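Just one chain follows, in the form predicted alone, and it is written as structure tokens.
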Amino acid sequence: MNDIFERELTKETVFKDRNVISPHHIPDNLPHREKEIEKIMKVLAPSLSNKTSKNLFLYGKTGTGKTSVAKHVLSRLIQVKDKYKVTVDAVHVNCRIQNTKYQVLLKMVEYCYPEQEFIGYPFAHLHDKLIKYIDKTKTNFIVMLDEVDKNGNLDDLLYTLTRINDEVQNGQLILIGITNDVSFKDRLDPRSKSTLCEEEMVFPPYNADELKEIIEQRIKTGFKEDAVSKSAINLAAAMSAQESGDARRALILMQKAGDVADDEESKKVTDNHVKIARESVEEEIVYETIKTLPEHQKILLYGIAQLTSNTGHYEKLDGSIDKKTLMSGQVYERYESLCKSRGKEPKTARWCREYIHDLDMLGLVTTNISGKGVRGNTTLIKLAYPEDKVKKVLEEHFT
């Protein structure tokens, strides 16, 4: 057994620093996001002279650099705060994990008072402690709400946070909301929407040339010299651009390709290593995405996978069959049935439409409005990945 550990630790590798290839690593330079960086800096710049800064909302598909750019700008802001003699605090909150209003405020207060324990205290106490901290320190407190649309108390959360500035005499609270869903504000209560006072930015997907440059930047410090063929870089960039324009996926693909090369004891990453890595990357991304879905979205997705396996098709007026395409009505009926079989109260059809929209935004399904040749006017839904793999992942989480 010890021989296996020793062999793994001493074997040759194509990597110089594998962590650099991770999508979680934020380099000093973010190619093709210069305009977005500049705009965010302009929005936050007033805070360096203790002037009011607007809230900011960043939109774009997964892997378009929203979180990386926001973190990059905030780190630069923290670096220069002493020069301008201002107090700046910044906290990152993942709303898929901190998915209630209470959990978000708890994380913020724990940042403010790291030596104190707040779990179990009522919400009003946390709210009061946050206001007192901002007032006393005169801080420009920036909270980055990543995947903000996944918070279950979104209206109450945004309303509460935006009204804090009405209660502080010194300092301010600034929101940076990050979401994949460009239309998420349409679901907000008018009361919440009216308090935002925000700037908005949309991050476009990367094209193949841009992804190639991003990959090349990471390879310089992440892989050994000449350890990756140019054609392998081109192929990884082309694949990622064609599928989604997702830099995160491109970097994971290169990291996996390096692992495949190491397993084969190859000194160079080739096209074939990228092709082998592609399948495992797809499975990993699907697994990670599905396992973090809220419970009702998991039930809905499971119903879509079941229907796709059993009866998924739609007959057009001309008699042709659109295989593995489902109608929103039949999807909702299956969702209701699955909820009841699990002892859960099903959400309304309106909420079901929102869930389908969320699954579409995550790339787990594709949706289209029925057009010419289709009976009626309905949303047509198609699973984006093989139904057996989707069911397998969900069944692991249901047991």
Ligand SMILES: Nc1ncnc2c1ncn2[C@@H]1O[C@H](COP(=O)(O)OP(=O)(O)OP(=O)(O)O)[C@@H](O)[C@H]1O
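Throughout, we count residues from 1 along the sequence that is shown. Everything quoted here is computed from the prediction, not taken from an experiment.
Omitted here: the form predicted together with this ligand. The next part is about that form.
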Exercise for review: State yes only if every one of Gly363, Lys382 and Leu394 has a non-hydrogen atom within 4.5 Å of this ligand in the predicted bound form; otherwise state no.
Suggested key: no
Review point. Among 338 to 346, 42 to 50, 63 to 71, 355 to 363, which stretch has residues whose heavy atoms lie within 4.5 Å of this ligand in the predicted bound form?
Key: 63 to 71
Check your understanding: Quick one: does Arg218 come within 4.5 Å of this ligand in the predicted bound form, counting heavy atoms only?
Key -> yes
Practice item. May I ask you to state whether Pro386 is within 4.5 Å of this ligand in the predicted bound form, using heavy atom distances? Key: no
Check your understanding: Hey, in the predicted bound form, does Leu30 get a heavy atom within 4.5 angstroms of this ligand?
Key -> yes
Exercise for review: Decide whether Ala90 counts as a contact residue for this ligand in the predicted bound form under a heavy atom distance cut-off of 4.5 Å.
Suggested key: no
Practice item. Only one of Ile233, Ile214, Val168, Leu77 comes within 4.5 Å of this ligand in the predicted bound form by heavy atoms, so just point that one out. Key: Ile214
Check your understanding: Which residue, Ala261, Leu251, Val228, Ile142, has a heavy atom that falls within 4.5 Å of this ligand in the predicted bound form?
Key -> Leu251
Review point. What are the residues of 95 to 115, in order along the chain, with a heavy atom within 4.5 Å of this ligand in the predicted bound form?
Key: none
